[in-house]
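Here's a solo chain for you in structure tokens, the form predicted on its own.
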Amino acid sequence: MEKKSKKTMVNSWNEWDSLKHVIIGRADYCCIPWPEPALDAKVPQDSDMKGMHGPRPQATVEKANEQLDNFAQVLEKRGIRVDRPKPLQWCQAIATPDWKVNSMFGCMPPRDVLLTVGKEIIEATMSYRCRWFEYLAYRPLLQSYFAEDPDMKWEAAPKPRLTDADYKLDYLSDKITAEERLKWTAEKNFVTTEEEPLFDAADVCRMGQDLFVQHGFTTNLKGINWLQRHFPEHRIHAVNFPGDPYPIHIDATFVPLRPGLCINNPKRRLPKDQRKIFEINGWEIVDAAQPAHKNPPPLCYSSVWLSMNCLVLDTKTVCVEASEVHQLEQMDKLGFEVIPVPFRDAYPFGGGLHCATADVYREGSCEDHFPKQLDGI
């Protein structure tokens, strides 16, 4: 007699407890978005995507999907349940009463959209206009989880209007020198304003009772304040990383591997005052290994530091992109079973192995890993 599969349970408090159920994205119909205020500040001056927009080449979509499917199979063979979103036709114009853009983006990186904290899944606000409707690809899954798990909480953060008031319209990547950009980001002068709450889920690093949230291009202080009000039992810490000229999402900059251990991008180190809470609680922060590649793949927004965008399966096991030989070696030396996963062809569609996933269920409960707190940190 065939064994009936277990019903869904939503539960995930951190980035390292044993992973049992996850969403992995798809590359179908993905687009290079048309210009818009949020995007114009984030495409590097030397990017091969400057001035490009429209559907991605079908051959690249097929390569990305092949690697995403393989990633799903790797996890399924280890007993992890994998769900997939339902892609929309992303290459169509969308509009609200305030604005119109000529295409959307895609649904390869669910980590950007879905934030799981305990038994709740939140749909993030998103700060790109082209990503305003991205949550729709995940709605069939969320509806099924809500039906199957009576304890699941499901929340959509306030949808922002994303008018021009949300952006500094003079913050254009081809008008700012590299030195000016680094100075501005060090001063916490970002493209987004404080007009309304904005946050991407991928800016939130979950460590039990403490959530560390990157203040940068995709998450503003009002967004962090909304998270604090929404999670009053958690401690929310705003962090930033001087040295990052394009501060977009925390998971290629600062990655917890297990309780007491994080890797940090050596080009974007956590400032001394923000490191104190880790130090007084006995955490070790080590520099991530150097990337194996000097350049990102073609038509890729992200930096070479996707090398450290790994997926931790449990406190002893981690998935790392197969060609990132230095990161593979570092994880081995840190005592992990390392699973190499080819994924470089998927990078251009929204990021690395962590970006391409969203937790549904990890074993474990909400623990306090930072019992010693500092005022204002």
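Being a predicted model, the structure only gives us computed values, none of them experimental. Quick note: we count residues from 1 along the sequence shown, nothing fancier.
There is another form of this protein, the form predicted in complex with a small molecule, and it is not shown here; the text below is about that form.
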| item | value |
| --- | --- |
| Heavy atom contact within 4.5 Å of the small molecule in the model of the complex, the stretch among 276-284, 88-96, 245-253, 179-187 | 245-253 |
| 42, 268 and 303 all contacting the small molecule in the model of the complex, non-hydrogen atom within 4.5 Å | yes |
| Distance check, residue 350 to the small molecule in the model of the complex, heavy atom within 4.5 Å | yes |
| Residue 112: touches the small molecule in the model of the complex, heavy atom cutoff 4.5 angstroms | yes |
| 4.5 Å heavy atom contact, residue 355 and the small molecule in the model of the complex | yes |
